[in-house]
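Take a look at this one chain, the form predicted on its own, written out in structure tokens.
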Amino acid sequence: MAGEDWTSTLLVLLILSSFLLNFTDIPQRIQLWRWSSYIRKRIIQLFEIEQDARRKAVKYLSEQGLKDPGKAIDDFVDNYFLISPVSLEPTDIIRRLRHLIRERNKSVKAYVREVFPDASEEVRQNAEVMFEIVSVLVLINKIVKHYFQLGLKYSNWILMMQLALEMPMIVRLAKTYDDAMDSFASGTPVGDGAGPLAVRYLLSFDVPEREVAEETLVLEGTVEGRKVLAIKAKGPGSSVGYPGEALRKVVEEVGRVSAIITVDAALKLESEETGEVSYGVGAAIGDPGPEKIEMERVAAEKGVPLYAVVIKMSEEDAITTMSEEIVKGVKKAVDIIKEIIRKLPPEEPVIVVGVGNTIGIR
């Protein structure tokens, strides 16, 4: 009889459990609790990363003589955002986007000059990057909290699950930005400086140079018996310059050119190794649009080849201190550029555009 009682009890429990699991929302609530608990821990981690980046920025700015860096950072965060132009009517969208980007850049530079009037140009440029990094980390935290609270508000366990699955990549990205603060504080070259570094390897430091666009230089030298005009942002402060505008001005000055060669860092696939080099056709530049399209338009108008040489790296590699693998990749890229130049007619100059951030690279 006792055995039959236990069997009956077990059967009742199984039926009740089946009913609860199949005809109530208890499983979804359990899932919601699981995912929300996981995300809460990651939100705390993101907050700690944001605070660490803020401390690094405050330390750097204080060392450079800024009296109240905390207030300067707080005033910058959430300000100076950019609203994309209307895309429903695509006519002149590039011109409008270029105007908005440049106006925002001017506003940021004016703000940094206002709070940092006695700093050198190099220090101000590095300070701009630090303000931007802290602002990005604050934005990441806000977006994560937004979707987290939406999931809780509407008991949406699917939204919570999606956010939880994305959290490892989000935390990894935030940690990368935090690590980048050390590189910009110390003024060491970062992976994204592969393009400008290639220009410096291609031409010696004693060649003539002049500023052809805002924070953008053109260097004149000879490679493989051909005249080379190399464009890069002005260093050693943190700047990417305006390579598209500079390219147009240089081409208009010299008239006919035999080719335009662009060299830049490029995001690698997970299956690729850092420092791998590839080359092809097109404009190698990670630009929102205005600078890249300017390069393409110049090449199309003049009917000259537009080559692209890229050094592969991850996003972490791009904004942290340049690794030995990337330096080796830059040297390989220079060899490829020389080989391309060698095959071009010697009568007309070649333009090489080194795209990227010039921090630590003169």
Partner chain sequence: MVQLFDGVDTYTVILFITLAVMITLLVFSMIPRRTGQQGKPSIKTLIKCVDGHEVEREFSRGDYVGKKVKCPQCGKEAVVMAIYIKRDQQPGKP
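Residue numbers count along the first chain shown, from 1. Predicted model, so just to flag it, every value in this text is computed and none were measured.
The protein also exists as the form predicted in complex with the partner chain; that form is not presented, and the subsequent description refers to it.
- Contact check for Ile337: no non-hydrogen atom falls within 4.5 Å of the partner chain in the model of the complex.
- Using a 4.5 Å cutoff between non-hydrogen atoms, Glu301 does not count as a contact of the partner chain in the model of the complex.
- Residue contact check for Trp35: none of its heavy atoms lie within 4.5 Å of the partner chain in the model of the complex.
- At least one heavy atom of Phe205 is located within 4.5 Å of the partner chain in the model of the complex.
- This chain appears without its partner; in the model of the complex, the one residue of Gln31, Ser323, Ser314, Ser62 with a heavy atom within 4.5 Å of the partner chain is Ser323.
- Contact annotation: of the candidates Ser278, Ser186, Thr176, Asn79, the single residue with a non-hydrogen atom within 4.5 angstroms of the partner chain in the model of the complex is Ser186.
- From the list 254-262, 187-195, 209-217, 98-106, the contact stretch for the partner chain in the model of the complex under a 4.5 Å heavy atom rule is 187-195.
- In the model of the complex, the partner chain lies within 4.5 angstroms of at least one heavy atom of each of the following residues of 326-362: Val327, Gly360, Ile361, Arg362, in sequence order.
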